[in-house]
Structure formats: structure tokens, C-alpha cells
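In C-alpha cells, one chain follows: the form predicted alone.
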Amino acid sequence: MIIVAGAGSAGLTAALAASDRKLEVLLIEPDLRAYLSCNSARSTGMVMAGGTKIQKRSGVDDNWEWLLADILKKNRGRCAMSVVRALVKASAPMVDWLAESHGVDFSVVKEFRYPGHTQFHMHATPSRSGQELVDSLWRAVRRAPQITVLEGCKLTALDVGDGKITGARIQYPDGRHEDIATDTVILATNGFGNRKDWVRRYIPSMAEATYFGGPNSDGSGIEAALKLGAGVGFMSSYQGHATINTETGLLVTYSTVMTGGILINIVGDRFGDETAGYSEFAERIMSQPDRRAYVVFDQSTYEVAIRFRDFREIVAAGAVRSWETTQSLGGGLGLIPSVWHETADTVSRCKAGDIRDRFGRADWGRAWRSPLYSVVVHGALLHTQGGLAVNEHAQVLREIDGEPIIGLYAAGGAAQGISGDGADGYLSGNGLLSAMGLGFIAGNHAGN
């Protein structure tokens, strides 16, 4: 029997992969509402892959080499290359396996490309929500007879002998502890975004940011492995997000920007190239007056965004306001008239191709079509991207010599990511590729 600690998308994928290899799996999760609280459930559920059967059926030409090139261009080569190559090569087999063997209803997102994507890499479930993706994985886990789920239980320690995993200690909801003998543990316990002292230490620029992720991102899995001499990598790396709706706390899909929308501050001025990436743009919003901004977009963009479940909930809550003209929008939001007039005029001319954007934005989409819409947003820390050092098999590596701790694996926020340091190396989709991809690799390698 193997232990998988953590039941987000990484742990669920790892458990399914190991189960398909005929292993008995004990899946433990500290939160009785795990399917509601993990970081994956709070995302838009976009799974990045290159060369899937789903893409081919949709007429999308893609492959793992193109996906690799996009990732490396964004992180500028600051990554563990063997891990990135393993992930992109596994991406298509993983997505197709989840669809064909476990009933996850993926389709290719073709209405727009996310920042830094040269191809339509993104796969999503019908409502385009992380909650639906996690629900699909949970249904598959519940159907698997070789997977036993212990909810409300937490891994608190690991045992090792002669450089190999020999057991794990778990804590039950009533405080009791149990030592379980096992030679394999997959840590999918998330990162440390909800651990303020670690965020201040490793990501000081986001120490005061709103934390948007799951409550159990406390670094406990990383800490347990550190006690065994494990190494870590890219601890300053994180995914931020620039468009968290201030009124509802829900994530506003970045299609609102990538299909022609803009971000303005509370006086009506733009403050950068919004298409560079929503992760690094979170810090820019935090430096604006009142630490908030507005996403402004038109009817054509609204028709794309409304396909996302979270956006529909934001609309239903009355947080998306509509305006017939740029003038009425400026007056309704209390923008400085001269500033907003200049911004709106510049955007119109950039869309027409008459001038170049001073921030370097090149993709503007079509001219705005009335009505216009606005939604107030702020920047947030979604999850950390640094963690335990792993190899191409998702095995955790010792700090002293870089050799694997036999039987110990890490995936998702517990493992080092593929975005380099900081936020600017994050390519849309890196988070779920690392989480589910390393879970897939770990589960299969453990089965071998």
C-alpha cells in the first residue's frame, strides 16, 4: 500500500495513476471539505497539454515541443530542465488518459490564447471551473476500489531507514496518531501560501497580499521532508492573479483582458501591458492607488467570459456593471475625466492600428462594441510555486547530494514548480501542469 497525502488535483491524479497500476492507495486529506478548499478548485481548471487526441479532433495542431518552447520563453530557462521536459512529454498522455479512462470531459479552449501561448494548449471541462475539474477527479477516485480515502486526517511525519521511506505518521480528527508502514509516500500537500512567516521569508513582495488559495497550504508536507534532509528549489516562485473580484472574492477570467479588455486604476489610467501575464500584474495592481483596479471590456468580450462559471456568478451577484458609452463609464466609476478620456482615446487608436502602445501591448483585438462593462478587481497570491526538489520521476531529492530519497515523491505545491523565481516566469497553465503532471508521473513511477 502507498500513501498519497493531499487530495487536490495533484493527489487525486497520483492516486488514480497508482490505482491503475494495481497498487492499493491510502489517500489522506485533512479538510473534510477538500473538494471545495484546494487551490485547484479555486482556479479556472485549465490543464495545459501539447498534442492530445482531443486537440487533433478539434483541428488544433500542437505538440510537446511547442509547449516546451512557450514555457521556456516565459521562464527564460530558469527551471529544472529534466522536470519540465518530463512534464510536457507526459501532458498529452495524461489528459487523454483522464478523458478516456476516468471520464473527465475535456475540450480545447479555442476562443482566445492565454498570455505567452502560441498554440491552443488549454483543456477545460464544460463550465471552465476548477471546481468542476476537481469534482470529476473525485468521482473517478470514488469509483476506484483500490483507493481508500481518509478525510479529516493529516500526515504529520515521515519515517526513513537506509535512505528509504519506511512509514508515515497520520493524525486523526480527534487528535489520535497512527504510524503506518509503507515504502511509498506521495506528498501532494500543497505549498505554503497560507503560512505568513514563510511568505515573508521567501516572497516578501507578497507578504501583505490577499491570499486566495486553500487554507491547508501551510508548508507541512515540505517541512516533513526537510526533516529527512530533502532539498528545495525556487522558493521565491509564486502565481499571483491580477483580477480577483473585490466584491465577491471570485476570480475574473483573464479572457476579459486577452480578448480586448484593459486594466485601469481608480483615476482611469492604464499602468502596463496587461497581456504580459496575470501573475506578475498582481503586484502592479497592489502598487496602484487604493490597491485596486477596474477591468474594462466590451460586449464581444462579455460573450466569451460568460462561458466561465465563476464569471456567471460574478454577474449574478451584480458585480459587473454595464455602460453605454466611455463617458458614462468614466462618470459612473468616478474616474478623472481628462485621464480617462486620454486612456479611452489611446485604446481606440491602438485597436485601429494608428499608434503603438507605450507599454508595448501588441494584441488589442477588435474595436469595442457597446455596451461596455467594468468590474473592480485586486491582486492576490494564489499559490506558491517553489517546493521540494524533484527529478523527472517526481522523486524528492536530498539536499546534500541530489540523490532521491527512495519511496518519497512530491507533486503540486509541495514540489518545485517550472516557473523559475518570482512571478514573471509563470506561464498560464504552469500550476495545473505541475500539479497533475507530477502526480501522474509519481503515481506511474511508484507503480513501476
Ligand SMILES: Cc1cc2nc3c(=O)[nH]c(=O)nc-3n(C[C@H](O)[C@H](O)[C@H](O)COP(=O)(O)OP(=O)(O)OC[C@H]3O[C@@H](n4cnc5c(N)ncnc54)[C@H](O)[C@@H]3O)c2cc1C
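The structure presented is a predicted model; accordingly, all values stated were derived computationally and were not measured. Counting begins at 1, following the sequence as shown.
Although it is not shown, the form predicted together with this ligand is what the next lines describe.
When this ligand is considered in the predicted complex, residue 112 lies well away from it, no heavy atom lying within 4.5 Å. In the predicted complex, this ligand lies within 4.5 Å of some heavy atom of residue 31. Although the partner is absent here, residue 417 is not a contact residue: none of its heavy atoms lies within 4.5 angstroms of this ligand in the predicted complex. At least one heavy atom of residue 426 is located within 4.5 Å of this ligand in the predicted complex. When this ligand is considered in the predicted complex, only one residue from 330, 277, 260, 213 comes within 4.5 Å through any heavy atom, namely 213. Of the candidate stretches 417 to 425, 61 to 69, 392 to 400, 377 to 385, only 377 to 385 has residues with heavy atoms within 4.5 Å of this ligand in the predicted complex. The putative spot formed by 49, 102 and 306 is not touched by this ligand in the predicted complex; no residue has a non-hydrogen atom within 4.5 angstroms of it. Although this ligand is not shown here, in the predicted complex the stretch 229 to 247 places heavy atoms of just one residue, 239, within 4.5 Å of it.
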